[in-house]
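Next comes just one chain, in structure tokens: the form predicted alone.
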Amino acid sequence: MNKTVVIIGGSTGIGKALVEKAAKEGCHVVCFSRSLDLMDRSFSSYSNVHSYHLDLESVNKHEFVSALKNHVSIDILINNAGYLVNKPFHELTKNDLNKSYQINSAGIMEVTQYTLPYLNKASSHIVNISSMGGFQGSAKFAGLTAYSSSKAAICAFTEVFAEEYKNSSIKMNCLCLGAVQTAMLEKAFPGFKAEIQPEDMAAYIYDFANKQGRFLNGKIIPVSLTTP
């Protein structure tokens, strides 16, 4: 395959499974997460995986760009990071809201902006990972105001970006995921057991990112067996 794939949020759950899937497919994988030690331990057996620290709460542009400079001509960028607060609306603090929006939307926009100069000039695909909670018209759940609304912002970002860059070689789409058996799902819906495992969803996302940039742009796509 030999494509260069950048994954934001690659230390646990779907992100970890994505890194492993892309690595096994022969891609040059560059992954970012706040948990650098965890990534180093998880991916030590892969010579084609390179891990770097990234805190979306306070993006260090110099540190992020310095890492990207080692891996030019990026074919695929997958914005997978997410942060969840499960709390009744009247108990939400300003910090809850600020952190949710910074990690789930503003920080994603920042790193996407910084990645633009390093994308493959011939053809590149950016895939944003949102949630069914952020998909208009889907079922919504009490306690997830900060999470769902900040994930909805990524959907709007996808549509605006695609319009702004429609005459370029860069394509952007957004996948709104339903229930996948991760730690985040357990936090949102304690005790609920999903039928989809992280490895299954990672395989779907990887295939979509690898192939569908040729056909789709600015699309918000629900990927859900159950919600939750």
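Position 1 is the first residue in the sequence shown; the rest follow in order. Fair warning: this is a prediction, and the values are worked out from it, not measured in the lab.
In what follows, reference is made to the form predicted in complex with a small molecule, a form of this protein that is not presented.
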- Message: Among the candidate stretches 41-49, 64-72, 155-163, 179-187, which one is within 4.5 Å of the small molecule in the predicted complex when only heavy atoms are counted?
- Response: 179-187
- Task: Quick one: from Ala202, Met172, Leu56, Val29, grab the residue that has a heavy atom within 4.5 Å of the small molecule in the predicted complex.
- Result: Leu56
- Query: Any of the heavy atoms of Asn210 lying within 4.5 Å of the small molecule in the predicted complex?
  - Reply: no
- Message: Residue-level question: is Ala146 within 4.5 Å of the small molecule in the predicted complex, judged on heavy atoms?
- Response: no
- Message: Is Asn80 near the small molecule? Define near as a heavy atom within 4.5 Å, in the predicted complex.
- Response: yes
- Query: So in the predicted complex, does Ile103 come within 4.5 Å of the small molecule, heavy atom to heavy atom?
  - Reply: yes
